[in-house]
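A lone chain, given as structure tokens: the form predicted alone.
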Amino acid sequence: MSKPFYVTTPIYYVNDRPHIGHTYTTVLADVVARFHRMRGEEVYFLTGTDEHGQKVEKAAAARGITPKALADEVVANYTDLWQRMGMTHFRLIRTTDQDHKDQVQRLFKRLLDKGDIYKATYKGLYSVSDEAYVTELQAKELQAQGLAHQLVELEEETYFFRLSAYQDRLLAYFEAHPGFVQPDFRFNEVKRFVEGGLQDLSISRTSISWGIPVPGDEKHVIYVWFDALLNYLSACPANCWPPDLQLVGKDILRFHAVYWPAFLMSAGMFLPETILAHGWWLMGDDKMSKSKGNVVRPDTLLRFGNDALRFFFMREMQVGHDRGFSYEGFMDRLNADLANGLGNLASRTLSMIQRYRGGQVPMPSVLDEQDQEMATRLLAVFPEYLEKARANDFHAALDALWSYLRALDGYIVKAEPWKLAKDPANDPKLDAVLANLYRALRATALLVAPVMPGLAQSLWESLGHSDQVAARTFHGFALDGPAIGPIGESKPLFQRIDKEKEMSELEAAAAPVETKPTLDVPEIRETVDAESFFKVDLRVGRILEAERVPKSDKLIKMKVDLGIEQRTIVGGIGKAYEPDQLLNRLVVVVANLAPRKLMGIESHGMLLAASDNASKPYLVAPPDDAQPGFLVK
């Protein structure tokens, strides 16, 4: 008996309602799961929620409720949405589930007894946004991106996992398993990270209480990533390990492609077959962010139908790459491919079969060159679609299929069946055209069933079938076989969207509301004495020139007057400020900071800025009557 196919999504953090990023990943997993079921496989599809950690603890305290109550409230949004969208997961695991807690504590003790987990004191930098300690290299990366303000220095007793001991084993595994991470360019990023050197990983905290206690040392709670990653193991049904496909966003690839396999190696377990990292949905050039007010919620798009949203996700996003989103582009894609494309083709074909053959699908007796070409193309596109879908590239699979559907429109125009029907002498040609079109629609209904289950079933029934198309399998399907019987009642597959009307309604619903920047206030850093503080030379400066740094969307190169001299300073503020907004602006400069190179430009100083949860910088501004060179003290 073969092992069931096991596919997982990340578990989603319960700090917000689901947005289209969460929805895209879950739809992709559901499409993969449905596709493998139609390949005749037993499938287990897992999703879930990540409910522990400092952010949840703080957010719950701010509202005066328990962290579990907050998690229950947010999780309901996920369970409701996935139910409405017909997701076929076998379980939504929560990190607060008892079987998960038991699994985490069991594995923690196992690795502790083995010596791969040990207790020590950590002192170093901690990223508030990622809830993770960072290495010196990672800190430099954040500083180069203008995100150093997200870092705080912490010192605490902690349990470490000996990640450094697995550097060579990981690299050897990567070499032996070239398909372990997809796409290839993401795998190369992972390899470079590991080759740069791994440090032991802190996996417990004493400064928070909302988490799974360390067995035998309950003042520690097991830290979020060791806890969260083990959900895939906690929920795994018997005989399903290892996962065949684990879907993750590119921002959490490092955790899944480095930490996760190292944990499994330590435990002596098989690693996942493939980790697939997808890109982000962007608004313009920006990642969607609640604090920026550019998050798209699935409810807004589900007004056009579940199948429409699923199709757009799979048709538009090339897995592994970022993709820009716009409401106009969303509606244009649906109108072009579903209303004008497949919907129009199905309507024309079914109406012609009804009108010219009384609903009976003819068997062709003669195929001319044109008819044979279209029949041959169907025999080619069917396995091509399956091959691309098997590689999780539904974007390319659908592109190939829709290219074929567009060719069918041209086939109709050239054949002119409405003229053929006027003369019985043309019956063999008309039969061939109608049969080819019917077979194409039948194959299309089968192929798109994992992507658009509702639309595919509607088309399937219109073609005369009474069973469930999702219950069919691709293998052995007779593409040129006869119709099962007369066609059924023709149903509109997709109504064309009135783009102007919908855009007006969307704009009205999104009337501008003043939003204040949000902030999970970080803890105060460790105390420094006055002597240490006074070593920092803070000066008022005036920006004389400003220009963007080529090939960077964040860095701006500035010439700043400090009263006694002019400096070149590079700052990661380009997401919040345009160069012309900075001219003649007063700023506060760290004047005695050691020079450093950013994108090849030596920067002599740093501008002081505050930031919100989205890391948007807010430049600290001296009063208008301050002068360049004034000491800030």
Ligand code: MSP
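The first residue of the sequence shown is number 1, and the count goes up from there. All of these numbers come straight from a predicted model, not from anything done at the bench.
Heads up, the form predicted in complex with the ligand isn't pictured, but that's what we're talking about next.
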property	result
Residues 53, 200 and 223 all lining the ligand in the model of the complex, heavy atom within 4.5 Å	no
Position in contact with the ligand when the complex is considered in the model of the complex, options 362, 249, 213, 428, heavy atoms within 4.5 Å	249
Heavy atom within 4.5 Å of the ligand in the model of the complex - the one residue of 462, 266, 231, 204 that qualifies	231
Exercise: residue 280 in contact with the ligand in the model of the complex, heavy atom 4.5 Å	yes
Distance check, residue 617 to the ligand in the model of the complex, heavy atom within 4.5 Å	no
Non-hydrogen atom contact residue 288 with the ligand in the model of the complex at 4.5 angstroms	yes
Distance check, residue 542 to the ligand in the model of the complex, heavy atom within 4.5 Å	no
Which of 336 to 344, 490 to 498, 405 to 413, 272 to 280 lines the interface with the ligand in the model of the complex (heavy atom within 4.5 Å)	272 to 280
In the model of the complex, residues of 163 to 187 near the ligand [heavy atom within 4.5 Å]	none
